[in-house]
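Here we start with a single chain on its own, the form predicted alone, put down as C-alpha cells.
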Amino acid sequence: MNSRWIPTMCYQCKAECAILARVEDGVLKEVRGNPRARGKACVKGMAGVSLEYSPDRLTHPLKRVGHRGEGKFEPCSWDEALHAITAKLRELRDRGEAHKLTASFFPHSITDPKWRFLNAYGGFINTALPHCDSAKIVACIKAMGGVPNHHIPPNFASVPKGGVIILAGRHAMGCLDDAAVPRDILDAKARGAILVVIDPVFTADAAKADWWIPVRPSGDTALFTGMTHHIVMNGLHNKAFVENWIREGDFEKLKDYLADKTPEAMSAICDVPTRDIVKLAEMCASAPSVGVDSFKGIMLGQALDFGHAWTNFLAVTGNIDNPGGQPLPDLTPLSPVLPAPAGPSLAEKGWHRTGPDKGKFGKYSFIMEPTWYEAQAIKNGDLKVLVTAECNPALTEMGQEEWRKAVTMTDEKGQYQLEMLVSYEIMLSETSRYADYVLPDKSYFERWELLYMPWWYNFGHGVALRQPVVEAPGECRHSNEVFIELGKRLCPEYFAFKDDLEYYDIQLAGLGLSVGKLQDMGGLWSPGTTGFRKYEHGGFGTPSKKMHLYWEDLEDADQALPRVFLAPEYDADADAFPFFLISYRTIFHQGSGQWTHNNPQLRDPVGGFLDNPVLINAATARRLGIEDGAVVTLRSRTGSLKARAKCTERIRPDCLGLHHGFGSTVGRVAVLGGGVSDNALIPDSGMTLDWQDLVGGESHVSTRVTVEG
C-alpha cells in the first residue's frame, strides 16, 4: 500500500486554508490542516473527499440542445467547444465589443491566468468579491494607501493581553473564514484578550464573546462614530499617532464633523445604549491594541461609510499596523510575465454601471466588476458573452430571478441577447442549466495553482502552491488551462509560454524559486514575518505619506466623512415590510451552491445542516402567533417564499434571519435537502441603484420583509 500526506490548499470555500491530503494508492482518503502553515481543516474541508468522488462530477464537455434553463445537453468534444467559444470571441472583438465579455470567477491570485486573458482580450473580470468587503478595501486605499485584498483581518495571533478584538458582523466561527481564525481568536482570549461581537444575531462568535452587542442592522457606522466622538472630545485619543501620522488639518476636520455626533445621538440610530457606546469607547482607548474585523455583516449599500468610520476609529486610537490592530499588507516580489497586458478601462467602458445613476458610478468606478449588474447589462445590450467559473449567480446573487430572466431574453429575431454563456463547473449547477457550453473543471485536488494574495490570513505575505494529489476523471481540464489555450488562439503575444506551470515558474523567478522548488519546500514560501508599523519606514501609501481621514475627492458624493444614517434598504418599505431580513452563516456551507449543498456529509440531517430555517425572535413569534417549526411566508417588494420558523432568543426582535446560499435544486443530494434562497426576496441591484454605495461598490444583500404564519 502506497500512502502519503501531500501538502496543498483547500478550496471548499474562499478561505483556501493550507491542508494535507492523504492519498492511498492514488485515492484521496483524508484531509487535515497543515500545521507547518498554521492551517486548520474545518468540517467543509474534511468533506472535500466526498466532493472529489461525487457521482455528479462532470467528466465531458456538454453542449446545450434545449432552451436555456431547460438543462438539456448532449456531449461534445473539447475541440468543438473551444472552436465555438473562440469563434464567438473573435467575432465580438472584430465588431469592437471585446469589453462586452466578462468572466465571473474568484481570483485565487492577483496573477491568475484568467485575469491575464481578460486584460489581454479586453474583457472584464467579474467577481463576487466586491459585495463581500469592497468597502473595507476602498477605505484602506483611501485612508492608508494600502494594497487592497480580500480579508485583511487583524493578525489575531499577535493580539496582546488586554487587547480588544471587535467582530462587527464577522461570523469568523461560522462561515467561510480561514479555519485558523477561530483558533487564533480563542488563543488570544486565553492570553487575556477581550472579544466583543457586534451583530444583530447571537452567532457562534457571540457565544464565545465577552460582550455581545445586538446592534440595529446598518447601525455600525453610527456606533463607531459615537465611540470616536467620545474618545476625541475627551482627549482619550493616541496623541502621538495623531500628531505624527494623520495628515495636517484632517484631525481638526474630524473634530468639527464629530461635534454633534454624540453617543446619545448615535444611540438613537444604532439602538445601542449610550452607556454601552461610552463603555466600549473607553475600553478601546485604554487597551494595548484594538482590532476590528468585518465584512459579512456589512454587505449592504453605503458600506463605505462604515469602512471609513471604522478606519477613523482605529486611526485616532493608533491601532494601525501594530500587533493586534489593523495590518497593512505588503507585497511579495513576484516577477511579472512580460509583456503585461494593460486591460480595458473600467471608467471608460464601465458597462456594469447601469440605470439612472450610471454617470455617478462611472466617476467612482471600483477596481473590479461587481457581479450583480449582469442582469441589467444584458438587458441594456452591454454584456454579450459571459463565462462563469466556480460561481453560481443563478442562485447566489441578489435578484436571482432577474438574472435568470435576463439570460433567457431574446431580441426581435428570437436570438438570445446574451449571445453566449459558458459555465465551468465540477458538477452541474443552477447557472450551468442556462449555459450554451458546460465545461468539466478539475477539482482543487487535481490542478496546479499559484496562490498569491498579499494578506490572505493563512498564506498572506507569501505564496502557496495548490498541486494535484489525484488524477482528474474523464476529460476534465482546469479553467486556467483553457483560458491559456484561448489566449494562445486570440492574443498569442501575451501567451508566449508553454502552459500554466511555465507561467508560474516565470512569476516565481522573482523569489529565486520555481514550481518544482516550491513543491520541494512543502508548497509554501514566506519571509517569516509580516512586520509591524511599516509606515515608520517611508510613510503610508497616500500622497501625503500620512493617513487621510478626510476624503475631499468624495465631497460631491457627500462622503468626505462618514454618513451615519441607516442604509436606504433599511428605510425603504418600512411600513409595508416591518422586519429587517438579514443573513446568518454556519460552518457547514459556503455561498456558491453545489460544492457544499450537494455534499452528503454537509447536508446530513444529524451531523450536517439540512435546511435554513428562518430565525424569528421568540417574543416576536408569540406576538404573531407563530410556533416553532411552523411554515411561514416571507414577502418582500420583489418576491415571497415559504420557510420553516425557528423561534429563538438569538436574534433581535425586529429582524429575521436566513442562511445565505440555500435553495439549490441541482444534484442528487441537493434535491433531497430543504432550504430556500434569500435572493428570491432581495431586489436586483440594478433595480435599486439609489441604494448602492457609489464608491465602495457594495450591494445590499438584505431587505425589508413581512412574515405571515
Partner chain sequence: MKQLSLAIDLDRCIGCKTCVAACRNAKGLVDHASALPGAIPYYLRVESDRQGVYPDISIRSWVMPCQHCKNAACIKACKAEAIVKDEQTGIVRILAEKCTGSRACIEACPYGVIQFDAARNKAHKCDLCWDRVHTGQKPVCAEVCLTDAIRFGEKELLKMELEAEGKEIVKKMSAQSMLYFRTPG
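Remember, it's a predicted structure, so these values are computed and weren't measured experimentally. Residue numbers count along the first chain shown, from 1.
Keep in mind that the form predicted together with its partner chain is missing from the display, and what follows is about it.
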Can you work out whether its partner chain is within 4.5 angstroms of a heavy atom in all three of W212, D604 and V669 in the predicted complex?
-> yes
Which one of these stretches, 657-665, 57-65, 675-683, 35-43, sits within 4.5 Å of its partner chain in the predicted complex when only heavy atoms are counted?
-> 35-43
Verify the contact flag for M173: yes if a non-hydrogen atom of it lies within 4.5 Å of a non-hydrogen atom of its partner chain in the predicted complex, no if not.
-> yes
Find out whether any non-hydrogen atom of S50 is located within 4.5 angstroms of its partner chain in the predicted complex, and reply yes or no.
-> yes
Should A179 be classed as touching its partner chain in the predicted complex when contacts are defined as heavy atoms within 4.5 Å?
-> yes
Its partner chain contact at E70 in the predicted complex, heavy atom, 4.5 Å = no
Contact residue in the predicted complex, chosen from G474, G510, P75, P600 - any heavy atom within 4.5 Å of its partner chain = P600
Partner-contacting position among M233, V470, L624, L186 - heavy atom within 4.5 Å of its partner chain in the predicted complex = L186
Those residues of 197-233 with a non-hydrogen atom no more than 4.5 Å from its partner chain in the predicted complex are F202, A204, A207, K208, W212, P214
